[in-house]
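Presented as structure tokens, the chain that follows is alone, the form predicted alone.
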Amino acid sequence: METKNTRLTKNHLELNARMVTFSGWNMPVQYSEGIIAEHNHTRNKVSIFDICHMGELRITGDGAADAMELIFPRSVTSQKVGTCRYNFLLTDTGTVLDDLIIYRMDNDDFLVVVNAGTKDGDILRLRELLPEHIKMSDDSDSTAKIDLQGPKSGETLVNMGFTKEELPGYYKWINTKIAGESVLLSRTGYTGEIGFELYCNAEHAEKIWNYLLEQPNVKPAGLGARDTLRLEMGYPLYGHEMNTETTPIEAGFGGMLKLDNNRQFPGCKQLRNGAPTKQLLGIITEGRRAAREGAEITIDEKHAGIVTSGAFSPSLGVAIAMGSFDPSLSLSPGKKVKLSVGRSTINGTITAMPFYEKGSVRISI
């Protein structure tokens, strides 16, 4: 398949970004200062990320809310207009086809933001589950998405003319204008810091990107920093901690699903009655060398699990990882493990997540 470019590819090249293929898209993995510098800048100030590769689906029609209530494991009808909610699209056996965010635009009008690599499969699954009279459109090509993330992101928007009072609260959104163009602005993100996600007409992406870069303290950051930021927070990534062989419970979201309320959705019986076959846990190592996805984890020289994500943590100064373990081991923080790295092993310790506990994500602006 031909690699796609976002509306901002030219801008990234002008900023000397190193580009990589990600989910079929040509994306910036880092800029000239490097991943660690971009990571630290996001933790301390504010960065912008090109997330235009994500998919945007619009679901509308009389009874859309009730129809979606029967599809997603987290309630849709209880969402208020002006809010967004993290959710999952599941197989009939309760495993994860995609993790996504649902925006309630109106009573029967929803924006569903999905991962780039799963979008086509998501559309097929949703069309299978939605009643025929419910409309679904793929607005991805006409929509651009730019993330503004970091403890100074609220301050940046205030400097641009917003008041603190009009900025959306955590997991809420507003329709507004930036650089004179219409934008859906939500207080969401994937870094663990105060953050906002901006959705706009794709034709205005470059104008808004350049306007944001003109603001004090704002620098661009790539996929490399986005990954280390989310890993420090213990945020699962689809294709790593979640997939069609993993349930939301096995990815650590059991408490979020509220399975005791008897809601009906695909896979609900399996999630309520089946025993998890894996457990997601955090690992912190003794040095900077990281174990990567697929690395074996052993305890007392016996297989205990595999690494799902691993990287050097710029905020902590050591390597960290998330791993999928055999739940029968009943592991808890403090347990020593070994991680396979090439022909050698490195020592690690099971630890509670998030690894990084100073994130500003829920702080009032």
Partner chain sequence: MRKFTKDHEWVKIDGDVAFIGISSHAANELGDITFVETPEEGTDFIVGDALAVVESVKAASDIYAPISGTVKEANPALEDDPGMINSSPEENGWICKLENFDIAEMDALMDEDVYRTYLKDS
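Positions refer to the first chain, counted from 1. Keep in mind that what you see is a predicted model, and the values were worked out from it rather than measured.
Same protein, other form: the form predicted in complex with its partner chain, not shown, and the subject of what follows.
- Here is the short version: of 54, 59, 337, 35, the single residue with a heavy atom within 4.5 Å of its partner chain in the predicted complex is 35.
- This chain appears without its partner; in the predicted complex, the one residue of 135, 292, 269, 219 with a heavy atom within 4.5 Å of its partner chain is 292.
- Among heavy atoms of residue 312, some come within 4.5 Å of its partner chain in the predicted complex.
- In the predicted complex, at least one heavy atom of residue 288 sits within 4.5 Å of its partner chain.
- Contact check for residue 99: no non-hydrogen atom falls within 4.5 Å of its partner chain in the predicted complex.
- When contacts are judged by a 4.5 Å heavy atom cut-off, residue 344 counts as touching its partner chain in the predicted complex.
- Picking from 250-258, 121-129, 153-161, 221-229 the stretch near its partner chain in the predicted complex, with a 4.5 Å limit on heavy atoms, gives 221-229.
- Contact residues in stretch 6-25 (any heavy atom within 4.5 Å of its partner chain, taken in the predicted complex) are limited to 18.
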